[in-house]
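So this first bit is one chain, no partners, the form predicted alone, shown in structure tokens.
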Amino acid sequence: MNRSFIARNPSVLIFLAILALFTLGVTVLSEGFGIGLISTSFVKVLGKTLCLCLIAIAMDLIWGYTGILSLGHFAFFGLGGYMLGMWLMYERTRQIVVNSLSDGVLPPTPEEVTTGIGNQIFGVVGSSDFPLIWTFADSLVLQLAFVVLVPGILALVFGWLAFRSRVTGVYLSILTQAMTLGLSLYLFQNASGLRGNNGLSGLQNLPGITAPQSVVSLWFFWASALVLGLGYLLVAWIVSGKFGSVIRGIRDNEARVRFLGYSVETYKLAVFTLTACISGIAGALYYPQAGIINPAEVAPIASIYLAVWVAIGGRGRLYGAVIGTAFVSLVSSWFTGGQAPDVPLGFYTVKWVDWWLVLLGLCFVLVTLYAPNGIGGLIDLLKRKRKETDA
């Protein structure tokens, strides 16, 4: 008898239950709907952490299960944020311009509104004209579609060119990093149409919504939790079936899988494109909670951090990727936020704001040397010991 997907993967149900309890707990303790023990700023930190966990799942699918070390997935993450951020900034600015031009007698003309919006958004880069890429910025539906389509199309084109040439290993990693660097450098230019180094700001303010940030932050937190749960469920379903067996085979012995008649390049391209779309969705939820997005967010170093998070959590284990990312992200917020106490050594004072990246690098080296399966591997070890004890 064929068992159901959940029966074959009890860890999925456990993860979803923990996520639901966590979401409920944060809601009850929040300022927006609860007793106020968790501040609004920390709710935003938790919401952003859930978004990072979602892109970590995508990274684990492409690296942990398929064996492709992509150092460019934060580019897709950033593109998703830019797509939604364009509508948020446009619509919020439109409302401000309309209110400022209304004199109570005659409404402003469309030309006056368009000119006012252009001055407000692009005045910082010395322009008032709307670039071509802002053509559909007034449509929420289209911009939401672009959150998935733009990263997906970029990944499809890049992956098709790379995989059909059978670029593998470190060379493919370098190519993905070069793609990210090229995109980042392009976005830094004012001619990119996305305000260059200034980026898009004020994204935490939802147009037409008068609710306080304590409530809005919870809305985004709920949305992040929901999408993380759905993303985990989708990827777990993918890796548990035949498709998952094939991509694991590609990871372990690509030549043998090709010899068996499978189109290796097609499987790689499908995974690369799917994970890019997931990353775009994660970015679209992340940056409204951060409030701002700029080209530095898609720099290659961000994708390297992502690989470190997944490695610490344990690649090839979806829950490991989530655990590693959540752990490192929250600890990073604690250290870099100035909450960690300085350590006076007499001759020198250790300030964790400056030393956090060194500590993170040291943890990565130690995990690589002594715990190659990461935190998730330790959980697997405990499960095996428990089974041995029960037997």
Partner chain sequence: MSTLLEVSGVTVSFDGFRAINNLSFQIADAELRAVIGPNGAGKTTFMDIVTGKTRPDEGHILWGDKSISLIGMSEAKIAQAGIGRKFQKPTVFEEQTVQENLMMALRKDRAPLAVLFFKPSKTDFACVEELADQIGLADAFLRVSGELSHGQKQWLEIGMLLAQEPQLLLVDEPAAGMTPAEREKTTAILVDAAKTRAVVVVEHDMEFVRRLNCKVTVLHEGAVLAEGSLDHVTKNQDVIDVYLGR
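All of these numbers come straight from a predicted model, not from anything done at the bench. Residue numbers count along the first chain shown, from 1.
As for the form predicted together with the partner chain, it is not shown, yet the points below apply to it.
Looking at heavy atoms inside 4.5 Å, which stretch does the partner chain contact in the model of the complex, given the options 288-296, 70-78, 154-162, 259-267? The contacting stretch is 259-267.
Should Gln189 be classed as touching the partner chain in the model of the complex when contacts are defined as heavy atoms within 4.5 Å? Outside the cut-off, so no.
Can you work out whether Asp252 and the partner chain are in contact in the model of the complex, taking contact to mean some heavy atom pair no more than 4.5 Å apart? Result yes; Asp252 sits at the interface with the partner chain in the model of the complex.
Taking the partner chain as it sits in the model of the complex, is Val125 near enough to touch it, meaning that at least one heavy atom pair lies within 4.5 angstroms? No - in the model of the complex, heavy atoms of Val125 and the partner chain never come within 4.5 Å of each other.
Considering non-hydrogen atoms and a 4.5 Å limit, does the partner chain approach Ser245 in the model of the complex? Result yes; Ser245 sits at the interface with the partner chain in the model of the complex.
So which of Ile304, Leu226, Ile238, Val215 gets a non-hydrogen atom within 4.5 Å of the partner chain in the model of the complex? By the 4.5 Å heavy-atom cutoff, the listed residue in contact is Ile238.
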